[in-house]
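The form predicted alone is given below as one chain in structure tokens.
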């Protein structure tokens, strides 16, 4: 992929691009973006994939004023303008799905179709219960079980990573905690804005997702007029990582194959 650093306001934004065809804004999960993940190249066979690192992730800067997911959505609205995209498909995974939903409420007529994968972002259950398990209060082993159908696939040999790679992982985790901690994993205003979404929308979930339950996803989808739900079997919270072929098949089926 081509990698650039561009300026959006006072933010230095890391931006990856690859492929040709209809533009697809790809918004990564809380683990950050890796251009080497197989699903990225698969998508680039059909679309012009535009994949920023969220502010505070990867090599994108994080200004002091930014402390909410909705702030990132405004940055990406400006990015869409900067790239002069009259319309765009959006795929967002986990917090990327939350960001995608926030974007969609701001520029609904410029989004052709929207896919949110295991998204957080709204409070749908009781006030005294968490919709999303507390990811900051469980062990890494428990997190691996919640994120993957096969937890073995979550293993990363840290001894083989460089100091710079370790720094990026730590920075991603630090930024994630800043953005989702309070209020935990949701924007209280978002659920009241989703009724205005007019683009075709697909809620996608791995069948073994231990973070975003089927009930939560269904309640979330009910807030978006006409939204569809699809499940990828034998996948957890990150179906794009665990089952890239099935993930890309779901994306191309919903968006069309493009180039």
Partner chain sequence: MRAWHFSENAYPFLPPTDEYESIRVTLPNRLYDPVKGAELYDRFLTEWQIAEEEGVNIMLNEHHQSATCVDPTAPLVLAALARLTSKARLLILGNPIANRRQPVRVAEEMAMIDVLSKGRLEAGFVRGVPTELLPANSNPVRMNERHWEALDMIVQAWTGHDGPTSFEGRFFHHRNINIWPRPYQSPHPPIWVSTTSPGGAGQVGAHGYIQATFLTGFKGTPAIYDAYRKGWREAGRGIDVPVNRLAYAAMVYVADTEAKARAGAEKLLWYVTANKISPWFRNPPGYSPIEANVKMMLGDAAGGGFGNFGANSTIDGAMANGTMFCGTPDQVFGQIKNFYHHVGGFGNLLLMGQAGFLDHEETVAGIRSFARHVYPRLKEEFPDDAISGRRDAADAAASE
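Positions refer to the first chain, counted from 1. Here the structure is a predicted model, which is why all the values come from computation and not from measurement.
Just so it is clear, the following notes concern the form predicted together with its partner chain, a form of the same protein that is not shown.
Undergrad: When its partner chain is placed as it is in the model of the complex, which of 216 to 224, 57 to 65, 40 to 48, 229 to 237 ends up with heavy atoms within 4.5 Å of it?
TA: Stretch 57 to 65 is the one.
Undergrad: Examine residue 83 and determine whether its closest non-hydrogen atom to its partner chain in the model of the complex is within 4.5 angstroms.
TA: Residue 83: no contact with its partner chain in the model of the complex.
Undergrad: With heavy atoms only and a cut-off of 4.5 Å, decide whether residue 167 touches its partner chain in the model of the complex.
TA: Residue 167 belongs to the contact set for its partner chain.
Undergrad: Find out whether any non-hydrogen atom of residue 177 is located within 4.5 angstroms of its partner chain in the model of the complex, and reply yes or no.
TA: Yes.
Undergrad: Heavy atoms within 4.5 Å of its partner chain in the model of the complex: does residue 108 have any?
TA: Close contact is absent here: in the model of the complex, residue 108 is far from its partner chain, nothing within 4.5 Å, heavy atoms only.
Undergrad: Of 132, 146, 75, 173, which residue is found within 4.5 angstroms of its partner chain in the model of the complex when only non-hydrogen atoms are counted?
TA: Contact check passes for 173.
Undergrad: Residue by residue through 134 to 151, tell me which have a non-hydrogen atom within 4.5 angstroms of its partner chain in the model of the complex.
TA: Heavy-atom contacts to its partner chain in the model of the complex: 134, 136, 137, 138, 139.
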